[in-house]
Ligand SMILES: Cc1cc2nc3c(=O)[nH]c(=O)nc-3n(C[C@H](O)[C@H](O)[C@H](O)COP(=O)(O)OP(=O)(O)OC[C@H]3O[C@@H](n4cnc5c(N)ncnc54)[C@H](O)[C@@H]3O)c2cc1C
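We begin with a single chain expressed as structure tokens, specifically the form predicted on its own.
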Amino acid sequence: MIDIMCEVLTPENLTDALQLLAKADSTTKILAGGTDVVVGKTQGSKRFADTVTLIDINRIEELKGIFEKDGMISIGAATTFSEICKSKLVEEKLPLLKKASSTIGSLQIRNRATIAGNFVNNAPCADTVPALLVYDASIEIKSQAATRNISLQEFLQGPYKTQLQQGELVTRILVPTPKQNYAGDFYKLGRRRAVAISRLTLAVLILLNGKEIADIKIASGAVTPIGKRFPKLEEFAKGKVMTDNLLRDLSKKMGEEVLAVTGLRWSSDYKLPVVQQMFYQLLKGIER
């Protein structure tokens, strides 16, 4: 029988939470939305098997809220996906993040699940990661002793592995306010249209000077072991004119980049053509 009993601690502010974390060991986990921890514990996941204490951060106001200041958009770590989807600031400045957030689970899941939980858990299928990567997101991490900022890409180390250390808590996501003339899109492929785990996610942002690509940012999820930017492909595209031949060439190279990351797998014959076609369709849609 699976033991799902845990002690739940409910700090009222960030100072109290960090004090609890400073005294905690590996048997203590953070509880935000609970859509990973609670489910994992219930199902007997090895990642949560030794968890005996949960620190519930849902009541901490310092970890909530979305606002813009000094050229940065700040999103509290405990902000839910429903709150992100309802935010006018996100809708106006970070539309790819809103679109990615709206694809997650059901309404009930979006009402509970938090943005930081999505990438701290770092499942390959974490839907918001590609969108955050193309927006050059960084994260603020606090412990009782220090505060540090790190890029999201650097934070993500491997499937279900991050740079978060014992005693640390992700407090905010920080995104440079995008220039208004960037265009982009987000795409998710699942086995069904809703309440589906991603099989492939792509996010693209492009800055055009006429038909010339002045800047481009490309990220994937699910099809790669973790969310990933593609700097070589981005550099290849910069300065080139958006023609159909270029888009086909970029899509072919995208498949090659994914293959270089994942190696040849039993699913490659299916996934690579799908990645290439979806990437081409994203680019064509942005071009229009």
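Note that residue numbering begins at 1 and tracks the sequence as displayed. All values reported here derive from a predicted model rather than from experimental measurement.
There is also a form predicted in complex with the ligand; it is not shown, and the following applies to it.
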Original post:
Quick one: is Ile30 in contact with the ligand in the model of the complex, heavy atoms, 4.5 Å cut-off?
Top reply: yes
Original post:
Is there a heavy atom of Ile57 no more than 4.5 Å from a heavy atom of the ligand in the model of the complex?
Top reply: yes
**OP:** Examine Ser87 and determine whether its closest non-hydrogen atom to the ligand in the model of the complex is within 4.5 angstroms.
**Re:** no
Original post:
Can you check whether Leu208 is within 4.5 Å of the ligand in the model of the complex, heavy atom basis?
Top reply: no
Original post:
Looking at Ile213, Ile73, Ile139, Ala116, which has any heavy atom no more than 4.5 Å from the ligand in the model of the complex?
Top reply: Ala116
Subject >> Listed residue that, although the ligand is not shown, lies within 4.5 Å of it in the model of the complex (heavy atoms), from Val241, Val261, Ala49, Val39 >> reply: Val39
**OP:** State yes only if every one of Ala77, Asn121 and Cys125 has a non-hydrogen atom within 4.5 Å of the ligand in the model of the complex; otherwise state no.
**Re:** yes
Original post:
In terms of non-hydrogen atoms within 4.5 angstroms, which of the given stretches 101-109, 177-185, 131-139, 213-221 touches the ligand in the model of the complex?
Top reply: 101-109
